[in-house]
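Given next, in structure tokens, is a single chain: the form predicted on its own.
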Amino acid sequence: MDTALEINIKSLTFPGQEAAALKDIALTVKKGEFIAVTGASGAGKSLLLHTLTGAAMKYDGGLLDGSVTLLGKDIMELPLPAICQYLGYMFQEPQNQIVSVSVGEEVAFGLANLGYSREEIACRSNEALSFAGLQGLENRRTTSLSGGQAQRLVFAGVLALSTPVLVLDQPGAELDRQGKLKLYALIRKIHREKGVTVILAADHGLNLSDFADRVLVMEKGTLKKAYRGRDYPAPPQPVPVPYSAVKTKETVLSVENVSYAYQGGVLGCEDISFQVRRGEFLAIMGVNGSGKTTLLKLMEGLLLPTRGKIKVFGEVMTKKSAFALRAKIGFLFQNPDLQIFADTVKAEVAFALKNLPLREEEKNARVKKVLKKVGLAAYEECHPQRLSRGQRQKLAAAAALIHDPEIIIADEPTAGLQEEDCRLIMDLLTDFRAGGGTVILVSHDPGAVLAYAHRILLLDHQRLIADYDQGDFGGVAASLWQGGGRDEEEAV
């Protein structure tokens, strides 16, 4: 079997950092292989994939001692634009890869830059959109897509290039479980029918033995273990946390007949009503595009309802009241980069304490305590963008917790995290709730929801279709593992 990639990384270092980010990696990937890479947050999975494209050296300034050969060509001798003829790359965060205004333009972008004819661009774009389940959305604005739809759009753009090698960084991280399983089925189909070589950083909670020829486990920037795909152990099922009843009937947030329509008439949510009591751990579920993220933005005051009203601690959320009300709420966005802005990890966490009447010694003590709690104590002076996606999510969690909010609203806080890091985030939210706080969680992870939540709201077609308490979970668990609601293609 011919070689697709020959990887020999003695070390990869970055200016200003003494320790190597990657080291002692020797790997041969044969044409047509399916390689899955896994490991904890910060293990180096995304950086390894970024190195395979040459971008870690040419764009990020990494210094490579070693070599990476792609289909017989040294990547350091290939200009970055030329690599896309051989290798299709998908970022973990789709927002970092989408550049066009409309869905159709986005899929055509790469093909147009490679000089294909209009007829060929149209043919390949239509085929890729159909394959990714986005046909009919060609004129949709990319800014109006849900996280899962954006993820599939990026995948369609990569597919349209028809490269012999695909490098995918947790391609299903922002998809609901149903969508994630469908996407992986598509990847497996391409791999088997077209002989495409696939290297991917694996998503949390998937049984990698179902599709991977080999599973590589990374730890601290190097390859720690290697398994044949069929020998890799299936992920463990989450164990439910002990149930602790809500002790108060005090309403901290109410949503009253709320609807929202985006510019152009695209419906975000419609006629939704519910109340949240102090001390609840409430989960909101539904397929991609069902209205979850829109609802969270409304509860956060980032959007105001087209119709209806939202009350926080009895006060109606308006443009005027939103700032004061947000002071009582900690936010965890789906993409941590949307809320991280400081130059160091320490400064990012400390920012929330800036206007509080605390002495500097107390502020510093709080920062150290919360960074230790999320496992980032060793990264105080590190720039946040040097952290992995999972580490940045933990940093965002630390920043949300440090000012002692009364409510935490979390949008997919475990997306892109491995099992151990998922438990850490969920345990942080559970500890917050046990201390008297209220948690409102949007998640595609049925295992985490069934293990930690007291109550589940299920959305479909932008409407609230079910409200389950913990006594109902046994009867609906099977449906939630299948994704809940109707297929996303129907819900668009």
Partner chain sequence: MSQPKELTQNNSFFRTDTKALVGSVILGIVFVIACQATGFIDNLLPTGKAGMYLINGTCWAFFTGIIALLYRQPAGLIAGEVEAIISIWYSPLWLAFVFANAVGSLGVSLVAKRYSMEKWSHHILAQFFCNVLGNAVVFVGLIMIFNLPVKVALVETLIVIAVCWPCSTVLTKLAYDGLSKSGLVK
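Just so it is clear, the structure is predicted and the values come from calculations on it, not from any experiment. Residue numbers count along the first chain shown, from 1.
The same protein also has a form predicted together with the partner chain, omitted here; what follows describes it.
Proximity to the partner chain in the predicted complex, taken as heavy atoms within 4.5 Å, picks out 59-67 from the listed stretches 22-30, 419-427, 38-46, 59-67.
Only one of Asp404, Glu127, Asp271, Asp343 lies close to the partner chain in the predicted complex, with a heavy atom inside 4.5 Å, and it is Asp343.
This chain lacks the partner; the member of Ile190, Met76, Leu267, Ala234 within 4.5 angstroms of the partner chain in the predicted complex by a non-hydrogen atom is Met76. In the predicted complex, Gln385 approaches the partner chain with a heavy atom inside 4.5 Å.
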